[in-house]
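Below: one protein chain in two forms, given as structure tokens, structure 1 then structure 2.
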Structure 1
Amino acid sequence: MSEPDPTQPSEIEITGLSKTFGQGASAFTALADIDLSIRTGEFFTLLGPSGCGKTTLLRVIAGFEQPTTGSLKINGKEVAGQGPNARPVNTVFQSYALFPHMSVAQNIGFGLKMLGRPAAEVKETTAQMLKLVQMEAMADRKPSEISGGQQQRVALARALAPQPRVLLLDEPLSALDLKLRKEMQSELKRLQTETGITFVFVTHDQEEALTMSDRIAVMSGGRILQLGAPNDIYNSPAERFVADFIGDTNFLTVKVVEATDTIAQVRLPGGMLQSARLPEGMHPAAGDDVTVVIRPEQANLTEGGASPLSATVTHSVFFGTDTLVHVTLVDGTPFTLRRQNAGNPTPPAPGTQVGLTFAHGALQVIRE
């Protein structure tokens, strides 16, 4: 399936939506003034820490919670106020909630039977779903006789069987071990691509979001802080929270020397000048202190010769494919670099004096 077309109508359209629990002094606003369009056929992820509102938003879309204010449309139809059964959505939860006394095939077909579908259709669709999730050989087994990853595939097949317009997934990989979780990331993306169904995925795991998503909404405090493609979210974070939450990040406080609409010349610790990208709409003045963000893989070590920053190696951490080298800058600021191990020599020993250089466009000024 091709990438979702940004010009096509939205599958889910949310306008001015808020959700408040309780009343008076004890009231808690879980969602505040959410505006969001989710396109038909895209893999969309709600990403953020615990308590940011992502699961509440998913439950509002599902119909398990009703918004306090605002509009929620699915396929162009207003659904605010309707229950889950009236919406063209299905949900896969953290706990797969399979019926232990039923076989894999019976679990998959259960929802279709409850919808009153003919027996022949239930049988045919169940067979199609078993093939889709590659579980044909286990159709007669009970949930207790299959692995956690296989149980998750059954839960997915059961949710996909009625062919909902939208599939909602509430951290469905959190109970799996690391290797199986990575395998299921690829499996989920394959299923979404093959079915063409709109997936709305909730997670606090940055890697899951970056790996699978067409677009990501980063949430905090019941609000969407940034919305965009994984590459944009990672390489051009809108503010400090997003930069800090998505991947490893270095922050430096620097002074602006001069600035245009898109680029600022900043003075680094130690005195050298460097160019830094400016976020849209930010216009710092000469003499202002600003924060720049630099990803660890965008910095390189040099030994000897001039470099924008001088530092002292404190320690290194080996991660197999790469090594994190931790250094301290001349002003005492800690800084981390990521080096690919293939073809690179052993990192300098602790106490070694080194210099740092940066890839083109590596520095970006961010909003606090």
Structure 2
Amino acid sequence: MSEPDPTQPSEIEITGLSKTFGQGASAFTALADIDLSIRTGEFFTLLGPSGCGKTTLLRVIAGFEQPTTGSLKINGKEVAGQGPNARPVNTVFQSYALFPHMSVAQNIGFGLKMLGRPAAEVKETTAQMLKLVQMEAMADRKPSEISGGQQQRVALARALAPQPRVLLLDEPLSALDLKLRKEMQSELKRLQTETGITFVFVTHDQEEALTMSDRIAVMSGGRILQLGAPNDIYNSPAERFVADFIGDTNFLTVKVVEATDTIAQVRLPGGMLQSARLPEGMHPAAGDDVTVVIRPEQANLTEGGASPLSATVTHSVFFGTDTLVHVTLVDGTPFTLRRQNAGNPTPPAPGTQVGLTFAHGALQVIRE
């Protein structure tokens, strides 16, 4: 994964932005104090549960909604007050919103036509776009005469044709079945790399976010909880919500023995000492109780022999390539670990006493 150069200029600069719908008693704050900088050419994902404000943020960037407070710069220029037709930004709508009375080719050429480009150029770019999304054969069909996946491609081509600086995509794959979805995921990624356009992608599917993005902003309740590269978000979640929302996780309450700025020595149930990473700005004192997260695949299981952290197997679930082994720790805390099946043909029987060890850097302290 190519991490964009942080020294690159930011394409979208959002500071202190909030959006409130309605007034008085019925007022609802959909976005609260958002600070966000999206870099030129990156695949940026907004990830969060339903109703957290992803669409609202996208609509503010597109210009369909005006922010209540704060500033929004695109390519260095303040765009507050500008309508969507004045912004170098195009949207791929969740419902595609293809014009039903126009052919596929007319849909794709619409933006260029509205920009007043000469007919020859419109035609040429439309042909290029049709090729890019492999829809040449259906150029003259109406949107109602093509499949959902094909509509999706046309919507993409229509938004890409005017060569915007930024492409906004609101859950563009959610209506597709799993297989098509996987196909379109790699197709989107390919298009983004080929065109070099900044993508702002909305999804509530964590796997989609992890596989496609350069950076992810995890949102909840109108706020951005954490922003970072997929592996940062996955391995070093800063808050319980983020850890819980992305992937399967074990939460353990542990006691801090000593702490530096970035690392804490913590005592696990049963007395084992381990070092755990601290989220930025968190400085627990010795003796504090904190919560650590450990991903199931970061824990290993040893059978037979003494172990500093022993546990009892409750049950195992077979998943093909690996097996989820559920155990309880000495103090009764449930814990799940993931074991590859290659080289471990039989899962441990329920009731077996096992020992747990953790991969280096497996423990991450979170804010509650």
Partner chain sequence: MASDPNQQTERHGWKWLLSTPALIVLVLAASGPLMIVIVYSFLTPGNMGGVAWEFSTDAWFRVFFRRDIFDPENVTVNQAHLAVLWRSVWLSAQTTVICAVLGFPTAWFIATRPPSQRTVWLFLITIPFWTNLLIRTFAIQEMLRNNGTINTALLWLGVINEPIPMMFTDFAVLLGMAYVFMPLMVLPLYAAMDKMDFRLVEAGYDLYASRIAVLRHVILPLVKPGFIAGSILVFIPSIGAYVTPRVLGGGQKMMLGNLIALQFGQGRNWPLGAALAMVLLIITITALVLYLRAVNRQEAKRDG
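Please read these numbers as outputs of a predicted model, since none were measured by experiment. Rigid core (definition): largest C-alpha set, two forms, superposition within 1.5 Å. Residue positions are counted from 1 along structure 1's sequence.
- Which of the two shown is the form predicted together with its partner chain: That would be structure 2.
- Query: Core-aligned, does Val292 move its Cα 2 Å or more between structures 1 and 2?
  - Reply: It does not reach a 2 Å shift.
- Core fit, then Thr29 C-alpha moves 2 Å or more between structures 1 and 2: It does not reach a 2 Å shift.
- Message: My question is whether Pro162 is one of the residues whose C-alpha shifts by 2 Å or more between structures 1 and 2, given a fit on the rigid core.
- Response: Not so; Pro162 is displaced by less than 2 Å.
- Query: So, with the core fitted, how far does Ala137 move at its Cα between structures 1 and 2, in angstrom?
  - Reply: Once the two forms are fitted on their core, the shift reads 3.7 Å.
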